[in-house]
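Below you'll find only one chain, the form predicted on its own, shown as C-alpha cells.
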Amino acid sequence: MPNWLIEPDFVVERDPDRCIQCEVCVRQCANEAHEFDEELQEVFTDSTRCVGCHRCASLCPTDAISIRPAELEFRPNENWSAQAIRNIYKQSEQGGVLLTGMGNPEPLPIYWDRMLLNASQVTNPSIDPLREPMELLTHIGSKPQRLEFSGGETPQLETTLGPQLELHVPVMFSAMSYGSISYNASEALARAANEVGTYANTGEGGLHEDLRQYAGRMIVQVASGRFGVDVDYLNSGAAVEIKIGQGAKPGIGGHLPGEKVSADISATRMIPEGTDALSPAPHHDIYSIEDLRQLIYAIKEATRYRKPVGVKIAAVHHVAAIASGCVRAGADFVAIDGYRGGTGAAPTMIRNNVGIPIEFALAAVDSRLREEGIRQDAGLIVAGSFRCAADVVKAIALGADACYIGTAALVAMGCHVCQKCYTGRCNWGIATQDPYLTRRLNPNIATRRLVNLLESWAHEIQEIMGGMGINAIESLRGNRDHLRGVNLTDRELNVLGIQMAGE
C-alpha cells in the first residue's frame, strides 16, 4: 500500500517573511517534522510528521509558524467518515492494532453538560464563602452505621473507626505510572498532592525511591503485573488500590515498551532493564469475588489494617453489581473509571467503543449500595475526564465522595492532548522517558501549576456550594435534589435519579 494514501492530520504553515531560520522548531520537535537544509540554509517542514502538539508554534520567537487541521476532504458519507477511511488506510499498510492516547474524543453525549445545579433564593439564603466557614474536608473509607459514645459530662467516642483518607479538597490525581509519564511529571504530582492536602496515585509502575518522602500523600496501586509490589511498597503509601479495570480500556492489560524501561524504571518496577513490562488483562489470582476478597485481606494483613484498601474498576454494564461485590469483599473504597478516562496507550477501537459514561455508572452504583444498605461501608471515587469544578460538584451531588483527575492534571502541566503519548516522544516532557525531552518539564513550575489548579477548583466549589446554601460538602453528597436535567429523555433522567429542569 503506497504511503501517499495516508494523509497528514495537520498542515504546518511557515511565514517566510517572519522566519529567521533560527532552528528552534528543528530542535524542539521530537517527531522530526522540521529539518534544516544545510545547503540551502533553510528550514523545511514535513506535515505528515506533525501530531498537533503546538510546541514549535508556541516557542517560535517570531510567530512564524501556524498549525491547522488538514483540509483535504473525502466525499461526504455518513457511514464512511474520513476517520474510518483513514483508519483502514493505516491498518492495511501497517498491519497492526491502531493505538492512541488520552480519552475518548468521539462526539458522544457529555452528561455533566446536561445537568444543572440548584441555587438558593429567598427561603434558603445563600452563603458567602469569603465571610462564613465552608467545609470541604472529605474522608474516604469505611464508615460505621452508627456511632457509640460513652456517658458523662465529656462524652468520648467509643466506636472504632477504620483507616481513612483525609482530603482537603475532594479531588485527587488519578493513577499515572512512572514509565507512562516522566519522573519530573511524577514528582510534580506527588509534591502538589502533598502541598494541597490531597492524594496522588502511583499507577501500576511502583513508587520511585526518591518519591517515598511524599508517600504519606500517595495511593499505591497493585495491578495485574504486580510491578514494584512488595511489603515495603504496600506500607509506604497512605492507601492501596487494586486495579481491576481502566475506563479507557476495560478488560485490557497494559504494555510499557522495553525502550522506555530505563535503569530507574527497572529498579522501580523490579523488572530487567530494557524488557517489555506486560500487564495481563486479568489478575491470574482473581477469578471471583471470593478471590478478590482474599487479596484485599492479604493486603490488609500486610499493612496491619492501618490503611484503606480499595478496588478500581471500569464503568461497564452491570457496574452496580460489580461494585457491590467489591464492597462486600471488604473494599474500603471503590474507584470507578468512565469511558472518557485517559490513558497513555490503548487500542483505538477499545477506547472509543467499550464502556459506559461515568455519570450513569456513578448513579447506578450509589443507588445500588444505598438500596443494599452498604453505602457507608465504602467510599466512592469517580474518574473519567473531569474538566472543571462544576463537574466535580455535580458528581458529588450524584453520589461520589471524591473525583480523580488525570488528563486535567497533565493539561495543567502543559499537555496539548495530541493523543500520541504511546510514542514516547512527548514534546512537553510529560509522557516520555527521553532524557532530552524530560528536561523540558520543570517540576517546580509544574508543581505550582497543579497547586494553582486545585486551589482554583476548591474556591469555585466553595462558591457553588455557597450559592446553593450549603456550607459543608457532606450535605451535598448524594443530594440529587440539587440536580436538574436538560435535553435528557425520561429514561436517562430515571437512570440518573434526577428530575427535569422546571420540576
Partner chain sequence: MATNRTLPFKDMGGCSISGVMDESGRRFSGEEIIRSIRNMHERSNGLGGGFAAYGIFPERADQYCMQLMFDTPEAKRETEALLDERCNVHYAEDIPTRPHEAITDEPLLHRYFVSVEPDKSRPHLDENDLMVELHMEINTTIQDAFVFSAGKNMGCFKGVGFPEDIGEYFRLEEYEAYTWIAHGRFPTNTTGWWGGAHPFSILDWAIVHNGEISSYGINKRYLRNFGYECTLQTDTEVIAYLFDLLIRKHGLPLEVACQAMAPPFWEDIERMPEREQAQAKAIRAVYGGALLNGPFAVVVGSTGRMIGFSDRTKLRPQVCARGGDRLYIASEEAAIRTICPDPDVVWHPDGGEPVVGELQAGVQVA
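Source: prediction; values computed, not measured. Positions refer to the first chain, counted from 1.
Not on display, but discussed next: the form predicted together with the partner chain.
**Asked** Looking in the model of the complex, is the partner chain within 4.5 Å of a heavy atom from each of Pro144, Arg370 and Gln376?
**Response** Yes, each of Pro144, Arg370 and Gln376 comes within 4.5 Å of the partner chain in the model of the complex.
**Message:** Residue-level contact is defined here as any heavy atom of the residue lying within 4.5 Å of the partner chain in the model of the complex; does Ser456 satisfy this criterion?
**Reply:** Because no heavy atom of Ser456 falls inside 4.5 Å of the partner chain in the model of the complex, the answer is no.
**Message:** When the contact criterion is heavy atoms within 4.5 Å, does Cys50 count as touching the partner chain in the model of the complex?
**Reply:** Cys50: no contact with the partner chain in the model of the complex.
**Asked** Applying a 4.5 Å heavy atom distance criterion, does Ile65 contact the partner chain in the model of the complex?
**Response** Residue-level check for Ile65: no, no contact with the partner chain.
**Message:** At 4.5 Å between heavy atoms, is Pro133 in contact with the partner chain in the model of the complex?
**Reply:** Heavy-atom contact with the partner chain at 4.5 Å: present for Pro133.
**Prompt:** Pick from Ala82, Val417, Ile110, Leu137: which has a non-hydrogen atom within 4.5 Å of the partner chain in the model of the complex?
**Reply:** Contact check passes for Leu137.
**Item:** Residue among Ala57, Val43, Val451, Met468 with a heavy atom within 4.5 Å of the partner chain in the model of the complex
**Value:** Only one listed residue qualifies here, and that residue is Met468.
**Asked** Just one stretch in 69-77, 349-357, 161-169, 210-218 has heavy atoms within 4.5 Å of the partner chain in the model of the complex, so which one is it?
**Response** This holds for exactly one stretch, 161-169.
**Within 4.5 Å of the partner chain in the model of the complex: residues from 466-503 (heavy atom criterion)** = Contacting residues: Met468, Gly469, Ile470, Asn471, Ala472, Glu474, Ser475, Arg477, Gly478, Asn479, Arg480, Asp481, His482, Arg484.
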